[in-house]
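Read the single chain below, which is given as structure tokens and is the form predicted on its own.
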Amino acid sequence: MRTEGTGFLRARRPEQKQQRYAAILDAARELALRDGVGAVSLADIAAEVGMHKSALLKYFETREEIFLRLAETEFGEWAAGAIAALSTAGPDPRQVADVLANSVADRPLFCQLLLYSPLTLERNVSLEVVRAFKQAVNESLQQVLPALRRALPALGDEACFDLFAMSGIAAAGLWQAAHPSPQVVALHAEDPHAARYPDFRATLVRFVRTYLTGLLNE
């Protein structure tokens, strides 16, 4: 049986194809967590799995589709964790804000994908891929929003959606600002005042608390 790349046998049976599909996603996840989503190429993923790039394209249209599929999973796993955490939050809105912020901050890949999904990942894929991704995101939101509504009875449905949306937007931007280039990190080590950047988790918690306070006082 002919091999692809450096050790994978050609997948012929459905279960083999499913294993290969999962292996590609696992490789992309590991590389993204190590190097950052923006730094991972299709060739990097193929090499990590031990496939030729042309063989990998039999499973996914583009690099962007791989990361959108990962984003679908990340949204689902974030939703499950957020719902569980919100069920334990006390009546103080600040506790709810902290739970929501930390449910995002605890997932580094999720934070990256919140940034890259609208920036690049949704732009080099087919309509069907985008449709599947958006459906998965909407399903996750429809699970989380009732839990958020129960934790914050003073807020309406629209305000709860705004709280989630702005928390995600803030997390995406803060992630980029809080994880600068190696050159900026080196400069910061020499002179923190010359190259300041935010603490991701602490800043996100403060933002969500402040935004929620504004919603409650409208």
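Heads up: residue numbers just count along the shown sequence, starting at 1. Keep in mind that what you see is a predicted model, and the values were worked out from it rather than measured.
We do not show the form predicted together with another copy of the chain, though everything after this point is about it.
Asker: Taking Tyr59, Ala82 and Asp98 as a possible spot, do all three reach another copy of the chain in the predicted complex with a heavy atom inside 4.5 Å?
Answerer: Contact check failed for every one of Tyr59, Ala82 and Asp98.
Asker: Answer yes if any heavy atom of Arg196 is within 4.5 Å of a heavy atom of another copy of the chain in the predicted complex; otherwise answer no.
Answerer: The answer is yes: Arg196 has a heavy atom within 4.5 Å of another copy of the chain.
Asker: Is there a heavy atom of Ala170 lying 4.5 Å or less from a heavy atom of another copy of the chain in the predicted complex?
Answerer: Close contact exists here: in the predicted complex, Ala170 approaches another copy of the chain to within 4.5 Å, heavy atoms only.
Asker: Is Gly50 a contact residue for another copy of the chain in the predicted complex, using a 4.5 Å heavy atom cut-off?
Answerer: Residue-level check for Gly50: no, no contact with another copy of the chain.
Asker: Might Tyr116 be said to contact another copy of the chain in the predicted complex, defining contact as any heavy atom within 4.5 Å?
Answerer: Residue-level check for Tyr116: yes, a contact with another copy of the chain.
Asker: Spot the stretch among 42 to 50, 147 to 155, 185 to 193, 26 to 34 with residues whose non-hydrogen atoms come within 4.5 Å of another copy of the chain in the predicted complex.
Answerer: Heavy-atom contact with the partner occurs in 185 to 193.
Asker: Determine the residues of 145 to 171 with a heavy atom within 4.5 Å of another copy of the chain in the predicted complex and present them in sequence order; the list may be empty.
Answerer: Result: Glu158, Phe161, Asp162, Ala165, Met166, Ile169, Ala170.
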